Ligand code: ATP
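Single chain ahead, by itself, as C-alpha cells, in the form predicted on its own.
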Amino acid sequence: MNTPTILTGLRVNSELTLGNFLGALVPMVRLANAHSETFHINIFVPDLHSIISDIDGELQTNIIKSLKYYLAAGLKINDNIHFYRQSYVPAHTELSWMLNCIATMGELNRMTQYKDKSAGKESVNVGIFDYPVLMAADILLYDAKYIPVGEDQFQHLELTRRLAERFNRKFGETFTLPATPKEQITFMSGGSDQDGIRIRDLQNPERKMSKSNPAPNSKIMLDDEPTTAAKKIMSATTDSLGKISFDMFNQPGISNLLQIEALVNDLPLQDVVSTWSGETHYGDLKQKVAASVSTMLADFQRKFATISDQEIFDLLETGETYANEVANKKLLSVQQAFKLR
C-alpha cells in the first residue's frame, strides 16, 4: 500500500462521556479531516473487543450510534475515510490466531491492563488476557502507521511492534511497524511532545472522568440534557484557595474547568487561563463553563439527530468492501509464510 494508514476505533459498550468526546473523538476527527487527502483513515468498530466485557448489551444500537458521533463531531467524508465493523472482516480473527502462535504467555502476562482487570478475581475470560493480540491484528492487517490511543494502550502498541518484528525476522518483511508511542504522540499533537487531554472527574478531580463511575454527577454523558450537564458543572468540586489558576496539582478541579472551557470553545488553553487568572469568584467560572458545555451539547445533539441509520449503513457497506480487500491480501501473505496456502 502506497498511501499510509491512520487507524482508530472506540469501543461501543456504553454512552461516551464528555471526556471521551473531547479527549479522543474530537481530536481524531480533526486529525482525519487534516490528513484524509494523504492518508487512509480507517475508523473501525471494535465489536469483537466489546463482547469481552458486554455480551448482553445493546451492541447493534451502540455501533450505529458510535459512528454517527464521528459525523456529528464534524468528520468530512471522502474516498479515503473507511468505516467498518471488526467482525465483518474475518481476517482480524484469523490473523489474531496466527499471531498467538508467535506471541508468548510471558508477554501477555506482563500486560498491565490484564493484571488490573484480573486482580483479586479467581478467574477472568480468556478474551481479557488475549485481546492485545487481536489489537495487534487490527493494526497489522492494514499496515497502519499511526493509531491514536491513550497512554494505557502504549504497552499493547509496543507488543504489536514486537510481534511484527519477530514475524518479519523469521519470514521476511511482511508487516509495517506502527510508529513508536513517542512518535505517535508527536504526530497526533501536531509536532509538539505534550501529554494527551485528560478530562477529570467532576466530583473527584484527582482521577479522570470515567463512564464506569456509577456516580452520575461525576461525569457528563453525550446524551445528557444540556440543562442537566450545566447543573453537573455547577456542582463540580473545586477547592478553598479562593483564586483561579491553572495548577493540576494544587487546584485540579479549577484547572479541569479551565481545560473544559478551552476545549468546548476550541480556544487555546493559555488564552482561557489568561482571561481567568487571578479571579476569585469560582461561581462565575462555573457559570461560564456550564453555559459553554450546554451550548456545545445542544449543537452536537442537533447534528446527531439529522444523521440517518441508512447513511451509516451505506458507509459501512463501502468501507467493509475496502477493508476485506486490503485485509485479505495481507492475510494471504501471512498464510503463505506459515505454509497454510
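One rule holds for the numbers: they count along the sequence shown, beginning at 1. Because the structure is a prediction, the values reported are computed rather than measured.
A second form of this protein, the form predicted in complex with ligand ATP, is not displayed here; the remarks below concern that form.
- Exactly one listed residue, out of L258, M209, I147, L163, brings a non-hydrogen atom to within 4.5 Å of ligand ATP in the predicted bound form: M209.
- A single residue from the set I199, M135, A103, M111 has any heavy atom within 4.5 angstroms of ligand ATP in the predicted bound form; that residue is I199.
- Interface membership of L331, defined by any non-hydrogen atom within 4.5 Å of ligand ATP in the predicted bound form, is ruled out.
- Though the partner is left out of this view, L10 does reach within 4.5 Å of ligand ATP in the predicted bound form, counting heavy atoms only.
- Taking non-hydrogen atoms only, G319 never approaches ligand ATP to within 4.5 angstroms in the predicted bound form.
- Among heavy atoms of A24, some come within 4.5 Å of ligand ATP in the predicted bound form.
- Only one of 123-131, 209-217, 234-242, 171-179 places residue heavy atoms within 4.5 angstroms of ligand ATP in the predicted bound form, namely 209-217.
- Contacts of stretch 276-306 with ligand ATP in the predicted bound form, defined by any heavy atom lying within 4.5 Å, are made by none of its residues.
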